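Below you will find one chain, with nothing else, as structure tokens; this is the form predicted alone, and questions on how it binds or moves follow later.
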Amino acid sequence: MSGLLDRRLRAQAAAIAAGEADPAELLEATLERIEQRNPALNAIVATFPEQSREMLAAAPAGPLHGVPIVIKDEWPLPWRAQRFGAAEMLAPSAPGESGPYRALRDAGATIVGVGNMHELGAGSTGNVSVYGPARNPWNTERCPGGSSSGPAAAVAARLVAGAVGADGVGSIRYPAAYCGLTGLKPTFGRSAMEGHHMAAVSTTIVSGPLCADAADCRLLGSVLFGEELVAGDLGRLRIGVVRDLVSEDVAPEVRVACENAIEALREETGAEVREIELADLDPAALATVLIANTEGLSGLSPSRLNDLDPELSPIGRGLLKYRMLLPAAASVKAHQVRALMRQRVAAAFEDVDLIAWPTVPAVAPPLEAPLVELPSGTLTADQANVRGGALANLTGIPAVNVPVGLSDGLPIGLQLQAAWGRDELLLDAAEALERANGRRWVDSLPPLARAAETTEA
């Protein structure tokens, strides 16, 4: 059964559907693997074998029948409230049937565990959580990315073949890049969001899949979207590249890997690469952060802030108090920037089909000091990462991270972005890029998984 555990999400689903694998045995093997590998990662913060077995026993014959899945600690389950990686949530939390839970249940999947996440979803590194930091399976002293840190680390370490994350300001794409996965941030409003504590107010957050490759993301994404993400004919792609900090103020090895990947995609598809202008990316990133913070203000008050759980990290406490200091004028300006950037992005997609740039400007930084060295100097990972991750959340367009290389044994990711509703095009392009590089990067295993395979064998 360990061999099936290491196979892709779609291969697990196909083997079960064909009667070649027993889903009950797969579930027990998955729980055993989590017990063996997770202590080194802290990727999964809760398992519930009895509820998982009950879910499997009642599972319909859907596209993910019997396949184990991890879900981020951002979504409630009928038997467990979300904790958001924090000692305390400002919004009420209670067990319940979230949209992603229902989508997985109706597809026949088995939720096998809850993935760790960056505290309050407020970081791109995953190094702060009430459960302790999640760790990167490529190097357990490095950040796995955030805020969907546990789901990404779990898939990369082959604890499961697929996981559900959430992306409010890059929170699927950052950990996908750091952990060497394919991670899709859907078009805003297209994927399941019911039951999220900010579903009624957030204009940036989406649920989305984290998997080893694009075909698995297509399968899991179809479940979360409630519609099949059909593969299409790419035709003659027009790929837009932006000569700005987002593509130039990056570590040299990241820049080279991403430029090589764009060239490989061009050759594979007969695409045309065009340089495009996309001004004001820095103000756009700031606007995204302002909007994401102000949309969570409804549960705040001075007295509430003075009574915060002492286990909440100093950074988390400071960020919550910072929100109360944001002037209303800043929020108004942020929405004006959003309107401007939507116009600019729409104009750009009249000339190109995809926009490509590095997902993050440097490989995963150390957990103890999440700093990155760039041509411009030393920055915090959060400062640097938001440059490339924010635009998709601000405007609502879809984006995907695709693994394109390694540096010092750590993954490098290329981000592809497309116009609203063209999520399928992103997956088509990601699959073309996988073909172009012989699937070298999506089939790579981190040392922790390779070492564990040898031990288990």
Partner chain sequence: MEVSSRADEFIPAGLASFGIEADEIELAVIGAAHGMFWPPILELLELDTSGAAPERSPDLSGPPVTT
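Just so it is clear, the model here is predicted, and its values are computed rather than measured. Residue numbers count along the first chain shown, from 1.
What follows is about the form predicted together with the partner chain, which we do not show.
- In the predicted complex, the partner chain sits within 4.5 Å of a heavy atom of A346.
- Although the partner is absent here, P327 sits close enough that one of its heavy atoms falls within 4.5 Å of the partner chain in the predicted complex.
- Looking at A94, you'd find every heavy atom of it more than 4.5 angstroms from the partner chain in the predicted complex.
- Using a 4.5 Å cutoff between non-hydrogen atoms, A369 does not count as a contact of the partner chain in the predicted complex.
- No member of the trio S407, G409 and N437 reaches the partner chain in the predicted complex with any non-hydrogen atom inside 4.5 Å.
- The single contact residue among V230, L297, V256, I315, judged by any heavy atom lying within 4.5 Å of the partner chain in the predicted complex, is I315.
- Put simply, of M89, L319, A81, V241 only one has a heavy atom within 4.5 Å of the partner chain in the predicted complex, and it is L319.
- Between 48-56, 426-434, 35-43, 391-399, the stretch whose residues reach within 4.5 angstroms of the partner chain in the predicted complex through a non-hydrogen atom is 391-399.
- In the predicted complex, the residues of 367-384 lying within 4.5 Å of the partner chain by at least one heavy atom are, in order, T380, Q383.
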